[in-house]
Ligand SMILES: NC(=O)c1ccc[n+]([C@@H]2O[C@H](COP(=O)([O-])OP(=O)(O)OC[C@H]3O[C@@H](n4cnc5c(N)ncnc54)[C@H](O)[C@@H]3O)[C@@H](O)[C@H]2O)c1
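Okay, so here's just one chain, in structure tokens, the form predicted alone.
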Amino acid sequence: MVKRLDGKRIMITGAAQGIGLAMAEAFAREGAALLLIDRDEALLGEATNTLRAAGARVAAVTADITDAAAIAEAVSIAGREIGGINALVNNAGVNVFAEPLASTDEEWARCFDINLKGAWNCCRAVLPGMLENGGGVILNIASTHAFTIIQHTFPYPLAKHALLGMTKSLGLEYAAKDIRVNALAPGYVATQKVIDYWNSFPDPEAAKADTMKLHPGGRIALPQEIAMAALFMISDECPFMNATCLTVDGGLSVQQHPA
């Protein structure tokens, strides 16, 4: 039986938990071989063992995406263990929220190094192989912050706007080489990052309730729901989708005034 991702060798960053792990699980079920990258060695080991126990072909490398040399080496390791990478999901990211004048140079650098430069490091590592082998697909996990602004979240939306710009630029640059570059923009997702955000408030349950009320459906996404959208975009089922962004936020960014 042919599976939806047979023949795909997919590199996923931030793969040890949350949306990244949900994508790895979904991709593996559909026949993909995986290169998992994460900074957390222990969590990455757990994820790798679980996926291998389920029959997936998995290479795993503990690396920081801001380290271009480490990412290039990870791609080389994958070439030896699962074959050349022909699909990339730039999922790793970090929330950096501040009032603009209170934001420090260190916060600015951290935000752009991880959310933008890190994604470019990964693109730059896989693009030569894709060009040599006649095609590939890149999916950048953006955010609704890539086209809307929430006060006091500076400079995170700047980095996500730039990531969307890089998506469009690379998509056009390599379209004639059969390389598609797209973005996926989740809204709120039930991950540890969101739980940590709620826990930063004096009343976490009230903060959670306020988040739910922002959404027309009264709930936020599960990581698996984002993973299934990513699976479609990384597959060959949308060959004419390029240099664009798919929003998966339950209608959050469409609603002008929260209920």
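Numbering starts at 1 and follows the sequence shown. Here the structure is a predicted model, which is why all the values come from computation and not from measurement.
Absent from the display: the form predicted together with the named molecule. The rest refers to it.
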The one residue among 139, 74, 179, 92 placing a heavy atom within 4.5 Å of the named molecule in the predicted bound form is 92
Exactly one of 183, 130, 170, 114 has a non-hydrogen atom within 4.5 Å of the named molecule in the predicted bound form; which residue is it? 114
Could you tell me which stretch in 227-235, 27-35, 201-209, 61-69 has residues with non-hydrogen atoms within 4.5 Å of the named molecule in the predicted bound form? 61-69
Any of the heavy atoms of residue 188 lying within 4.5 Å of the named molecule in the predicted bound form? yes
Classify residue 194 as contacting or not contacting the named molecule in the predicted bound form by the rule of any non-hydrogen atom within 4.5 angstroms, answering yes or no. yes
Close approach of residue 174 to the named molecule in the predicted bound form, 4.5 Å, heavy atom: no
Is there a non-hydrogen atom of residue 17 within 4.5 angstroms of a non-hydrogen atom of the named molecule in the predicted bound form? yes
Taking only heavy atoms into account, state which residues of 153-173 are within 4.5 Å of the named molecule in the predicted bound form, ordered by sequence. 156, 160
